Structure formats: C-alpha cells, structure tokens
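Just one chain is shown here, as structure tokens, and it is the form predicted on its own.
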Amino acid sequence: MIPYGKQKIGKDDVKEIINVSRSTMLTTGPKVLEFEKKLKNYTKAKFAVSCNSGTSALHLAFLSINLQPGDIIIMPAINFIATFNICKLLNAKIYLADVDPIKGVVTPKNILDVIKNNKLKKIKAIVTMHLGGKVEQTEEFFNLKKRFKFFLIEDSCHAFGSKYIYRDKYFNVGCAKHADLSTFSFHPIKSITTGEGGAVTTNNKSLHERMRLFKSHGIIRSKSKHWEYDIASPGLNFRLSDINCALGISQLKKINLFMRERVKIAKFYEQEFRKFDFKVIFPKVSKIQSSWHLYVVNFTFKSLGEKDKFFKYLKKNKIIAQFHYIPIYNFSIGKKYKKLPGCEKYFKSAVSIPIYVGLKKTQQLKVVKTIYNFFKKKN
C-alpha cells in the first residue's frame, strides 16, 4: 500500500534515540534546550518553545495572546479541526472565512469579507494556514494586521522548511518577522518528525515567556535551591521529552535533503500531469521553496459520490489518497455555520496524492497511471 504520507527514519536517528534513552535525563533535559536552540537558528526567530504536538503549539499560541471568552477570532473553514476545537474550548467567538476554490487557502480578501459582512471592529486574532506548505500573500496579511491591530498567528504545521518572499527578500517560515506567532507540527508525516511533537516561534519576549510557563504547569524554579519553586500561573503539561527532541535534532540535520527529495517528486508529478488529455489542475514548483508536505490536485468530479468512487478505486489499487480538508461547517461541531462557495468548490475537487521522502519513482509512476486510468474509463 502506498500511503499519502510517511516518515523517513534512518539509522542515525535510531542511534540518537538510543543514546538519549541510556542517559539520566529522559525529559526536561539538555536535548530539549538544544532542539529549541536549533529551531531558532533554522527559522531565524528570537524564541522557540517546543511542545508535545502541533495542537499543543496552537493552544500555547492562543493562551499567550490571552484569548478570552467572547474574543473574536477569524480562521479558514478549510483546516484541520485543532484550531477550531481549541478556540471553542476557550469560548472565543469564531468566524469562519472562505478560501481560494483551487488552492484551499484563506486569502486577505476572504478575511476582509468576513470583517465587512459582519461589521467586526475589535478582532483579537486571525489564523492563516499554509496548506500543503506553500506560503503566499504574506505582505497583504501583514498589512491587514497593522491596519486592524489584531494578532496574526500562522498555522505553519504543514510548512516547516518552507520559505516566502516579502518585498523581494526571502524569509524562512517561522522567522516571525511578519506574524506574531508561527506554530509547527512534527507529526510523523511532516517535514521532520519527533514522533509526536510541535513548536511555536515568536519574536515577542512576553508571548514567549507566557508559553514557556504554561507548557510546564506554570512553574518557576529557584536558581539556587532546586527544591524550591513557585506556581506563577495556571498551566498544563505540554512538554516534549528529550527522546523526542533527540530525534528532532537528528532529523533537522537532514531537512535540506528532505526538501530536495520532496521537490523532485513534485516536479515529476507536474511533468506527468501536463501530459494528461483531460482537465486537471496541479500545483507547480516555483523558485520559492515549499515544504511540499502535501501535493493537492484538483480534478473535475460531478459529485462527492464520484470523488468517493475515485478514493475507492485508488485504494483497490493499493494507493491511499486523502481529503485536506473537510470544511469545518460539515462537522456536527460546526453545523451552525453557513456553507461557503470557495470551500465547497475546493472540497469537491481537491485530492491529496502520495508525496513523502522515500517514495520510489516506480510508485510515483503507478500513482499517475492509476489516476489516468480512472478518468479514461469514466470518459
């Protein structure tokens, strides 16, 4: 079976995990600080806080801005449910924004439409989401942030390793120069993995300190007496272990290699889809580096039922594709929200096909040929 995503764990990674497992510190040890330092160095952010999942990273971000019950937050309706769930638990007032019907990402215009249509004045935060790893319209979002004075949170869980352009200069996603906070996931199928894990980067010292407190029960320890500590604020345990961080450090050494291989696969798909004699819209490789966490292709389906048949056909041929994502308003938890036209078009056409480090050329070719055969039989 060819999955849509998969981790790449080498002997060097295993060696690092074994070495840490034999040490005296399996958690809250030196590997955590080392991993956070390397994340700062890689993204060029001033601060990095590691945590135990991408969901925890988002949770820390919302807590750091002191999101209160009734605070207004705008987020895309196409996204993993984590962002919505956390804001729901924090009793924020959530507004769902539409997305680009092909790319599935929220645009500055979509955000402005929500603000104007609902006559919103005091907005606490908006969340952008780099679906699949591509980052676009950074300058426009940053201008909106300055205009409306809200916090800008980048859900970068797909985009570790990506870059973007701002005023003709290249920046690493997570540098936090044009957003207040950037959140990452190190789930097994992401750019690099820590098993489960996540991180938040920021250039704001105050936000950083709040996150660091909350992720470990709000504890402040005495520097001179290890047995004395204070609880400065309520908190939970969102810590990432030294074992996870050792794996992350080892994986981070290979990030450029991983990026090159994902780009190579994306180029192959682009080359092959250009040959199709029926309509298919596919993402193209550009000079701006994408993490290529996902390769989302838009096909012309008559209905969602036909799309289901396509998924079953691929699975029968030992290929796993995926939805990224079902619109939040389609779930029971989001049923009070109205359907949005861009989301509907995207959901009907978008399919994530396999892309991961280690996906063989023969497997890539099989994916392309199987897709071609389905649509030729249909026609």
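The model shown is predicted, which means the values in this text are computed figures rather than measured ones. Residue numbers here begin at 1 and follow the sequence given.
One more form of this protein, predicted in complex with a small molecule, exists but is not displayed; see below.
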Original post:
Taking the small molecule in the predicted complex as the reference, which of V114, L207, A92, A82 has a non-hydrogen atom within 4.5 Å?
Top reply: A82
Original post:
Of these, A350, L39, I328, L58, which has a heavy atom no more than 4.5 Å from the small molecule in the predicted complex?
Top reply: L58
Original post:
Quick one: does H187 come within 4.5 Å of the small molecule in the predicted complex, counting heavy atoms only?
Top reply: yes
Subject >> Proximity of D98 to the small molecule in the predicted complex, heavy atoms at 4.5 Å >> reply: no
Original post:
Using 4.5 Å between non-hydrogen atoms, is A246 touching the small molecule in the predicted complex?
Top reply: no
Original post:
Can you check whether M129 is within 4.5 Å of the small molecule in the predicted complex, heavy atom basis?
Top reply: yes
**OP:** Determine which one of 230-238, 171-179, 69-77, 151-159 lies within 4.5 Å of the small molecule in the predicted complex, judging by heavy atom distances; exactly one does.
**Re:** 151-159
